[in-house]
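Taking the form predicted alone, here's one chain by itself in structure tokens.
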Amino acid sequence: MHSFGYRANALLTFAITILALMCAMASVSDNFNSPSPTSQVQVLNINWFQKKPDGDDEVSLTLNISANLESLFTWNTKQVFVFLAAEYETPKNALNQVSLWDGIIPSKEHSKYWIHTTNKYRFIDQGSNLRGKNFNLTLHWHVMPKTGKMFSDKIVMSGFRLPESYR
């Protein structure tokens, strides 16, 4: 007959194989979910738009951020990291991204939200490139699953413009 150690090893190997197979099936099943989140951002006010002593432009905005991210949540979603970025072009860089606000959505119950806020992080451009500049506000999200790989996507909202002069 087989020893106790041999039987325990066979049982443990079989259990780990089944667990790995279940994790792989769970990860693959998440690929069939096609999320369709929605978002809307309004710039209510430009609180200040100034040139700092070091020559950089700085902007403070009051924003209304609303989003419905319920479709991102499945049985395999642990949490969703969300952030709002201002994106614009300058002569030096084709794409500049400045994070204005971020948050962690821990569950589907918190995935529908409306926030009235000023930018959480400073909107600063290295140089005097923001006067009269068109910019997009982009809501990015990263879905962190319980098992499997992370995925990310974004919604771009265009049509925003900064004033021609400092305030």
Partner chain sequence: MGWIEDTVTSVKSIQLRQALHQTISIGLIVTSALMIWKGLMCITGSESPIVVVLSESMEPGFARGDILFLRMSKEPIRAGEIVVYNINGRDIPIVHRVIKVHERKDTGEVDVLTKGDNNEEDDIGLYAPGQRWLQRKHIIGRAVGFLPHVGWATIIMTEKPLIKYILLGGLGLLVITSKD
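On a predicted model such as this, the values are computed, not experimentally measured, just so you know. Numbering follows the first chain given and starts at 1.
Keep in mind the form predicted together with its partner chain is missing from the figure; the text below concerns it.
Not one of T77, S107 and W114 places a heavy atom within 4.5 Å of its partner chain in the predicted bound form. Residues of just one listed stretch (115 to 123, 30 to 38, 63 to 71, 43 to 51) have heavy atoms within 4.5 Å of its partner chain in the predicted bound form: 115 to 123. Interface membership of Y6, defined by any non-hydrogen atom within 4.5 Å of its partner chain in the predicted bound form, is confirmed. Not displayed here, its partner chain is approached by S99 to within 4.5 Å at the level of heavy atoms in the predicted bound form. Put simply, T147 is close to its partner chain in the predicted bound form: some heavy atom of it is within 4.5 Å. When contacts are judged by a 4.5 Å heavy atom cut-off, H142 counts as touching its partner chain in the predicted bound form.
Taking its partner chain as positioned in the predicted bound form, the residues of 61 to 94 that bring a heavy atom within 4.5 Å of it are, in sequence order, K78, Q79, F81, F83, Y88, E89, T90, P91, K92, N93, A94.
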